[in-house]
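First comes one chain, alone, set out as structure tokens in the form predicted alone.
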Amino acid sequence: MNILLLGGGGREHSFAWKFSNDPGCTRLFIAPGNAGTAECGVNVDLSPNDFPAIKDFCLKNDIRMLVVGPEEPLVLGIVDFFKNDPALNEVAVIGPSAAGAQLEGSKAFAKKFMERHSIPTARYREVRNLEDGLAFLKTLQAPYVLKADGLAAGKGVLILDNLDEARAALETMLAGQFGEASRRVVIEEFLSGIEYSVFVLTDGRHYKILPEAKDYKRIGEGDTGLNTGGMGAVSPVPFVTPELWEKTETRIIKPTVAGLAAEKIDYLGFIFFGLINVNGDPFVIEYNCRMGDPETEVVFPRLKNQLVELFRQTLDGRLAEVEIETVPDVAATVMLTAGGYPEQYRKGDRIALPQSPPDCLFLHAGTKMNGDQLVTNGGRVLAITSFGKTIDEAVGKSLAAAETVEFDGKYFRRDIGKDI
């Protein structure tokens, strides 16, 4: 079948790479894509948020499956747009409704959902003014966690070490630091533990758990500095023991999927669970309504199942029949970023990219072709994923490959996986 994939980052190159080796995919189009996805299919100059243009493209190119990579079109309601248009009845869409996407689109919605279904998460309060926020902050112990309620491209979470910093940051956020996304702020109790990510594919009733991962959000080594969209990831995660898996499934995954069904929220697609292990017990830090980035860059290389068949079984409500098969080796990705990221950074710098070594994938994120020259086109430029028998071996291969890539201002963390 002909497939249109929306998005243009490392996650989407991972999807495109999987589709390019999938016998169920006849033709693959990526909108807008990047220099890496162009090697897997045909890039299309369309915005993922331009629903009428996407409709026209689907009808003109006999698209039978639309796969939505990023969160914004889901939150804006692309699934509902397609579902409610009779002309698009032949196009299957992989992604939740706008109501389901609120799990990511609104931190306040997600917290209330967890409260309703007794899903463990940190104590919190949503605030719209400084006075209420400061009153709640004074009931907490440092550090203090502030989250923009809406979408903020992975940068809307601040962790502050003292009350004065938290007060000043809250005032700035409420004043529009992240636009409308932070006009409402969720303040959370800080949970001390180690984070991990779990991914589920659901048809609304059944679900299948994909390989877990651990990502690294802070820009600096030792998890220091500003939050980013993600600087690297590893899969599997050694501390996710059978006991922790059982608690994660029974306390978090099952009640989430059951809660969506009970509330009659139309949800077909991926649920990302951002979790933290606190003394052996799992708590939800956040939900995402799509696959994570850079976690997809380690999860999909370990996934043996073909995506088209998985999605067909999801659309048909047959996920209960599916067995998820995974590669036993460790996958580790290291993200190469532009100098200055996640703050101001340049675009358009020339990239010298050698051929990827064996057991190694170069998954493009912020790249494009300028004529016949590969150049940077985003803060996160390239994810390098490698396999190994151990985390150290896999990370070591990615770090060695990272040294061979050249562009001005190149930066990457060398401590991915060292804490586990």
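The first residue of the sequence shown is number 1, and the count goes up from there. These numbers come from a predicted model, not from an experiment.
One more form of this protein should be noted, the form predicted together with a small molecule, which is absent from this view; the next part is about it.
*Does K217 reach the small molecule in the model of the complex, with heavy atoms at most 4.5 Å apart?*
Within the cut-off, so yes.
*asked:* Would you classify F136 as touching the small molecule in the model of the complex, given a 4.5 Å non-hydrogen atom cut-off?
replied: It does not: once the small molecule is placed as it appears in the model of the complex, F136 has no heavy atom within 4.5 Å of it.
_Any non-hydrogen atom of E195 within 4.5 angstroms of the small molecule in the model of the complex_ = Because a heavy atom of E195 falls inside 4.5 Å of the small molecule in the model of the complex, the answer is yes.
*Do F239 and the small molecule share at least one heavy atom pair within 4.5 Å in the model of the complex?*
No - in the model of the complex, heavy atoms of F239 and the small molecule never come within 4.5 Å of each other.
_Within 4.5 Å, heavy atoms only, which of W245, Y345, F190, F81 is in contact with the small molecule in the model of the complex?_
Checked against the cut-off, the match is F190.
*The unique member of L163, A152, A122, V308 whose heavy atoms fall within 4.5 Å of the small molecule in the model of the complex*: Only one listed residue qualifies here, and that residue is A122.
*Interface segment, criterion being heavy atoms within 4.5 Å of the small molecule in the model of the complex, picked from 317-325, 166-174, 141-149, 254-262*: Among the listed stretches, the partner-contacting one is 141-149.
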